[in-house]
Ligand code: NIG
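Listed next as structure tokens is one chain, alone, in the form predicted on its own.
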Amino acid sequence: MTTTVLDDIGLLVTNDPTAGEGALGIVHNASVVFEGERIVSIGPAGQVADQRIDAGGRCVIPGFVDSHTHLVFAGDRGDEFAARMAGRPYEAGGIKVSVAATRVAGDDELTRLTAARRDEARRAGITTVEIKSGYGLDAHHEARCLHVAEGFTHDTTFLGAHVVPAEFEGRADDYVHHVCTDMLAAAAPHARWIDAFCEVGAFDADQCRAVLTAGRNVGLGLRLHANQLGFGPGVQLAVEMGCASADHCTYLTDDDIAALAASDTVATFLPATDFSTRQPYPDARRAIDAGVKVALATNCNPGSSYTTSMSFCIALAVRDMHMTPEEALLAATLGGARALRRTDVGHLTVGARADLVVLDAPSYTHLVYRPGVPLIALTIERGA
């Protein structure tokens, strides 16, 4: 099999403290050799392989791991965003607009739209992505959306409990039963995870517990939208159920932070959502100092965070969530991998997947130092 060396790396971030300096495991003047999809050697510049890619003395980081997205959808909600910027508050009910558009879109159209977003994310340095359903909200369309998502990632998530669709208006418990039975049966063959939106205007703790329990009973891993729009039971429920991640975590009490710190549940922050909805930003500093494991993700979706830029999320996390550049980069790579219970991505070590990003900069700090500037010079995903 052909080997390739990414050579003349000025500053290499491995995310392996045993490999180099600090928590990021920084190695200077380095090269990385990979064979097929896997890294086979990390060493000084000048290693030899069948093919050579010249990093030109620039910084190389692990590919971003985006552990929370909603890439499969049709339609546009730009007018809703503009209205929100003019002062209208964000409400979860806007999801129904995307449901209506997604249901009428054909499979080919959904695949084309999702492929374009996935390519955009790859150009932004995202090499691993989780994709949720949630814009079908019936058995047929949820399974259809997950089937599309399967073409782009192993980490597909059934989010039938996103909001109550129009045909179940005023009958939330009946809809939850439908999610846990017919919808789950159709969706489970195409999903690795199950998720629910625990929020006023969506589903309460008991309803979300029922959804997560049903998913766990058929072998799906658990995730949860929690504490996005206000204080609530979501984080505590995520910890109670052993969810891999509690996502949003915009509003955290001391008890929420203590519960997360004592658990294996990752707090996944979605700062581009808080930017787009004019919500306050989470206090990541408080969570990290308490020992909470954290991740950053884009939450790319048509209503509350239509971005595939992890660099933008990193800049927001440092500027408005009081994270250091090192913490934010770790959260966007290794943190995302932990939120997906993945050990093969999010770091650059021998045996890991060959997912590397060459920055058009001498250091990862430029992701924050030069916000809004496209600094992703090259994305290598699975060695390609």
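Just count from 1 along the sequence shown to find any residue number. Because the structure is a prediction, the values reported are computed rather than measured.
Just so it is clear, the following notes concern the form predicted in complex with this ligand, a form of the same protein that is not shown.
- Among S311, Q228, T127, T156, the residue placing a heavy atom within 4.5 Å of this ligand in the predicted bound form is Q228.
- I95 is the sole member of A272, V164, A187, I95 with a non-hydrogen atom lying within 4.5 angstroms of this ligand in the predicted bound form.
- Residues placing heavy atoms within 4.5 Å of this ligand in the predicted bound form fall in a single listed stretch, namely 62-70, out of 62-70, 311-319, 345-353, 42-50.
- In the predicted bound form, this ligand stays beyond 4.5 Å of every heavy atom belonging to Y175.
- When contacts are judged by a 4.5 Å heavy atom cut-off, F197 counts as touching this ligand in the predicted bound form.
- This ligand in the predicted bound form is not approached by H141, whose heavy atoms all lie more than 4.5 angstroms from it.
- Remark: S304 counts among the residues lining this ligand in the predicted bound form, judged by a heavy atom distance of 4.5 Å or less.
- Residue H248 is the only member of 235-251 with a non-hydrogen atom no more than 4.5 angstroms from this ligand in the predicted bound form.
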